[in-house]
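As a starting point, one isolated chain is supplied in structure tokens, in the form predicted alone.
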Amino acid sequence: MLGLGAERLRADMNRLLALLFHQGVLDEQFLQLQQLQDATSPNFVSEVVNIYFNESEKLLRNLRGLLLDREFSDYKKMGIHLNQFMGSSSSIGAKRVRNVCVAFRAASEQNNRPGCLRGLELLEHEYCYLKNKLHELFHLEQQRLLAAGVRYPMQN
């Protein structure tokens, strides 16, 4: 009986990952990131992804701030923020977020304010979806580790 809960949770994690790959939310870079995690750094992936989340939220605030400024005209600065967002998204395998950044950057290169506003809205949506799903994945991982580590006392 020991470990059945852990195996069920592993299966749940695998189903969630398969869904995220099928939806194009993640790509193979995420798997490569997972391969860097080992017993010496058991939280490596969640730590890297949390750094990504912190940096992404700063970039989203900056992008939102630029676009909410009625006098906005610095599309080059917006492009710099989007390049940073694309690079960090690529590094963790956040495929859909990266792809939205590409489209958003194209709108900024054309000085297309309405296109940028739509791009920001879509970027925020995709980012929130990614964040929620990765939090769900990490929560399942924590539960799986706890379930695998549970030891029941022997009954006399």
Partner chain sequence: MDATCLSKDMADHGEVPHVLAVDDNLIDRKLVEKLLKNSSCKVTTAENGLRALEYLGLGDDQQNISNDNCSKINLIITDYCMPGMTGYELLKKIKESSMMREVPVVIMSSENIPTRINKCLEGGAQMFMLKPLKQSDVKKLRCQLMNVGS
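All of these numbers come straight from a predicted model, not from anything done at the bench. Residue numbers count along the first chain shown, from 1.
Only in words, not in the display: the form predicted together with the partner chain, which the text now covers.
By the criterion of a heavy atom within 4.5 Å, I51 is counted among the residues contacting the partner chain in the predicted bound form.
The partner chain is not shown here, and in the predicted bound form it never comes within 4.5 Å of any heavy atom of L130. The partner chain is not drawn, but in the predicted bound form it has no heavy atom within 4.5 Å of L68. At least one heavy atom of I92 is located within 4.5 Å of the partner chain in the predicted bound form. With respect to the partner chain in the predicted bound form, the three residues N14, Q23 and R64 uniformly fall beyond 4.5 angstroms at the level of their nearest heavy atom. For the partner-free chain shown, Q29, Q32, L33, L36, D38, T40, S41, F44, E47, V48, I51, Y52, E55 of 29-63 come within 4.5 angstroms of the partner chain in the predicted bound form, judged by any non-hydrogen atom.
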